[in-house]
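Given next, in structure tokens, is a single chain: the form predicted on its own.
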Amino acid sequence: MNSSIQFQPIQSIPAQAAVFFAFEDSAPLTGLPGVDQWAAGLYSSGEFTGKLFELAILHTPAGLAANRAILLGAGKAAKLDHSLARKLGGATVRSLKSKSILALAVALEGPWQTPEFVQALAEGALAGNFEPDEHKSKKESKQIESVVFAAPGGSTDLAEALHRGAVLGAAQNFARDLINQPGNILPPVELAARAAHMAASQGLAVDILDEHRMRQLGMGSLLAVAQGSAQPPALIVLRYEPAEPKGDVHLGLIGKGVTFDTGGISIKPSENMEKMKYDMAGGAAVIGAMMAIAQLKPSVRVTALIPAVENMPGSQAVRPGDIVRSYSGKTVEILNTDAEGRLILIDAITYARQLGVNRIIDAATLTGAITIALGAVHVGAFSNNDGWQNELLAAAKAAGEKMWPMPMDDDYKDLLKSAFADMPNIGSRGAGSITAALFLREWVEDTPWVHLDIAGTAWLDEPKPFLSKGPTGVGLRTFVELVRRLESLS
């Protein structure tokens, strides 16, 4: 989808439709007598009220170069913020492409002419254009071809905001496309190949550790998960080095990359197992974030690590009761092979610290327990450093991604004890997401770290007016916003 901004009234911009956002409070004033009269009539009759995502269409409007005038409900004006603007961008695209309206102009007047709203609208429009039907022989959905934002009297800061929004929206869709690929099409080595191709196109340094190198290094925890599959594992390392680094922050982004998760010997129930292709959503979000970072060129060093494996119950699969030695030297008693994400993350965390990262964020579809706690609304955030977590949460709020801080009290450590190894890979039935985070913390040690459990938010089981069913790409926008904020603090 091509997006652009023009600093002129929407009346002169040719398109299949001109879109005007309409609040509940009153009918919009477009400056076009025919359109304004039509809108006022809709409001007075109650046919259109401005409720969120409501739609009305006027064909061949007088005074417009576009073929149609569209009113899209924006809800109450007092509730307008960048998160709502992002949803409106997505809803605009999704509602109109379903009607085969593929070239749009969007009017930005008054409160809409801010960089924050322009960026959010662009992000939402691109995300709304994504569909998960790549592998259908006959596509059921169309794609919007162009969106022109009309901002009369606007300035270059709006154009810069549009660029940022387009970069983030494209990166989010890149991540969502990776998550959407089934396990037979995207095994670990293919995920590594696609990450490497992206890195080469964007000027990122890339290193792919294969099974041989990981065995030489002693990454026994990661390799234990991989050994039940015929598909070899990969540890993907992407590096962004700014031309002129500022400050001493070296951010490590770590994403779980289980390309398919059967649960291993502790096999999952068959119901909904097909969704387990999404178990690399954290890794995909990290890869997509690096794509955006490479284009936006902040002055902060960032290294990304994605341990990629397939968790299968093959004849060589790790067994419950097995003890493995992690890269750090600490041993783990595996009580449940379906708690595999933490096993691959700890070796990636140790390697990241050896590479010199001094701040860590990891993202993983780690536990079903977080879905019980927070549903499909908030990401669970766990940290060993309140200041670092607060920076991450502020970035998440600015990026429009809901995250909620979870407890990390030492009292919960009593649930993680093994008589036979340094740590078990699971605790008791209660507090499952907390004990998973505490397990990871043992390998992070004193490095400022936030763990994001995205199991409940990385996938939509049903479509939204602004987003399709399937992968969401959650976490990506927060990572990029956090890097932007770190740059401003340097």
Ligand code: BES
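Just so it is clear, the model here is predicted, and its values are computed rather than measured. Counting begins at 1, following the sequence as shown.
FYI, the form predicted in complex with the named molecule isn't displayed, but the following is about it.
**Student:** Considering 334, 175, 366, 234, which brings a non-hydrogen atom within 4.5 Å of the named molecule in the predicted complex?
**Tutor:** For this set of options, the contacting one is 366.
**Student:** Just one of 123, 261, 362, 347 has a heavy atom within 4.5 angstroms of the named molecule in the predicted complex, so which one?
**Tutor:** Of the candidates 123, 261, 362, 347, 261 is the one lying within 4.5 Å of the named molecule in the predicted complex.
**Student:** Tell me which of 271-279, 89-97, 373-381, 284-292 has residues with heavy atoms within 4.5 angstroms of the named molecule in the predicted complex?
**Tutor:** Of the options given, it is 271-279.
**Student:** Using heavy atoms and a 4.5 Å cut-off, decide whether 167, 195 and 477 all contact the named molecule in the predicted complex.
**Tutor:** So, no: the whole triplet misses the named molecule.
**Student:** Given that the named molecule is not shown alongside this chain, does residue 310 nevertheless sit within 4.5 Å of it in the predicted complex, heavy atom to heavy atom?
**Tutor:** It does not: once the named molecule is placed as it appears in the predicted complex, residue 310 has no heavy atom within 4.5 Å of it.
**Student:** Going by a heavy atom distance of 4.5 Å, is residue 431 a contact of the named molecule in the predicted complex?
**Tutor:** Residue-level check for residue 431: no, no contact with the named molecule.
**Student:** Can residue 70 be called a contact residue for the named molecule in the predicted complex at 4.5 Å between heavy atoms?
**Tutor:** Close contact is absent here: in the predicted complex, residue 70 is far from the named molecule, nothing within 4.5 Å, heavy atoms only.
**Student:** Even though the partner isn't displayed, in the predicted complex is residue 64 close enough to the named molecule, meaning a heavy atom within 4.5 Å?
**Tutor:** No, no contact at 4.5 Å.
**Student:** Would you give me the residues of 139-169 that have any heavy atom within 4.5 Å of the named molecule in the predicted complex, in order from first to last?
**Tutor:** Sequence-ordered list is empty.
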